[in-house]
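Take a look at this single chain in structure tokens; it is the form predicted alone.
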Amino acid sequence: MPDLCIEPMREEDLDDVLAIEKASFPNPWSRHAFLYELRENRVAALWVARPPVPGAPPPVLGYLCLWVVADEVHVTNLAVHPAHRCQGIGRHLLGELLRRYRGRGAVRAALEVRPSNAEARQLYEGFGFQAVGVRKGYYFDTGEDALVMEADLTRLAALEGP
């Protein structure tokens, strides 16, 4: 498990976040989309992972965006910088945030993922997410469907502490 600081995203993080976003997705979110989530969307919570270095904030290694609606967490975006993938950063980020929100009363988590994104699906399945449906033509860039995945946060052993 990597040693990371998980903290709320700030506008000052957006240059790092946008670089990761552009390297990770064929149709990346824009600066405006992130600013809307940060400033205006009352159900949105945006988080970054960075190494624990004293002093000035070190660069963002990964980020996770979600919405909290009633007792559900909906993951809207998750990415790790390409140079730092396969080091457990995405797993740590997702696990830590699911634990935090479960502690605040969330009982369910949901997300959409491309069926072709085997790495992401494997990550989510490791936290107990299961495919529960399909959104036809969800991804406008390719017309690819999205798998809708859900997890019962009250039953996830993967969220227990070490």
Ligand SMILES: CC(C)(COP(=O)(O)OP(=O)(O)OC[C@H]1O[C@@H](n2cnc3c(N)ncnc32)[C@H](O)[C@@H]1OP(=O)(O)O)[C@@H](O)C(=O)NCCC(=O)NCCS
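Worth saying up front: this structure is predicted, and the values here are computed from it rather than measured. Quick note: we count residues from 1 along the sequence shown, nothing fancier.
A second form of this protein, the form predicted in complex with the named molecule, is not displayed here; the remarks below concern that form.
J.: Just one of Ser116, Gln122, Ser30, Gln130 has a heavy atom within 4.5 angstroms of the named molecule in the model of the complex, so which one?
T.: Selected option: Gln122.
J.: Examine Val73 and determine whether its closest non-hydrogen atom to the named molecule in the model of the complex is within 4.5 angstroms.
T.: Val73 lies outside the contact set for the named molecule.
J.: Is there any non-hydrogen atom of Glu96 lying within 4.5 Å of the named molecule in the model of the complex?
T.: Looking in the model of the complex, residue contacts with the named molecule do not include Glu96, since no heavy atom lies within 4.5 Å.
J.: Check whether Glu37 has any heavy atom within 4.5 Å of a heavy atom of the named molecule in the model of the complex, and answer yes or no.
T.: Looking in the model of the complex, residue contacts with the named molecule do not include Glu37, since no heavy atom lies within 4.5 Å.
J.: Residue-level contact is defined here as any heavy atom of the residue lying within 4.5 Å of the named molecule in the model of the complex; does Cys86 satisfy this criterion?
T.: Yes - in the model of the complex, heavy atoms of Cys86 and the named molecule come within 4.5 Å of each other.
J.: Please state whether all three residues Phe25, Val80 and Glu112 have a non-hydrogen atom within 4.5 angstroms of the named molecule in the model of the complex.
T.: Yes: each residue has a heavy atom within 4.5 Å of the partner.
J.: Hey, of 49-57, 99-107, 65-73, 122-130, which bit sits against the named molecule in the model of the complex at 4.5 Å between non-hydrogen atoms?
T.: Comparing against the named molecule in the model of the complex, the contact stretch is 122-130.
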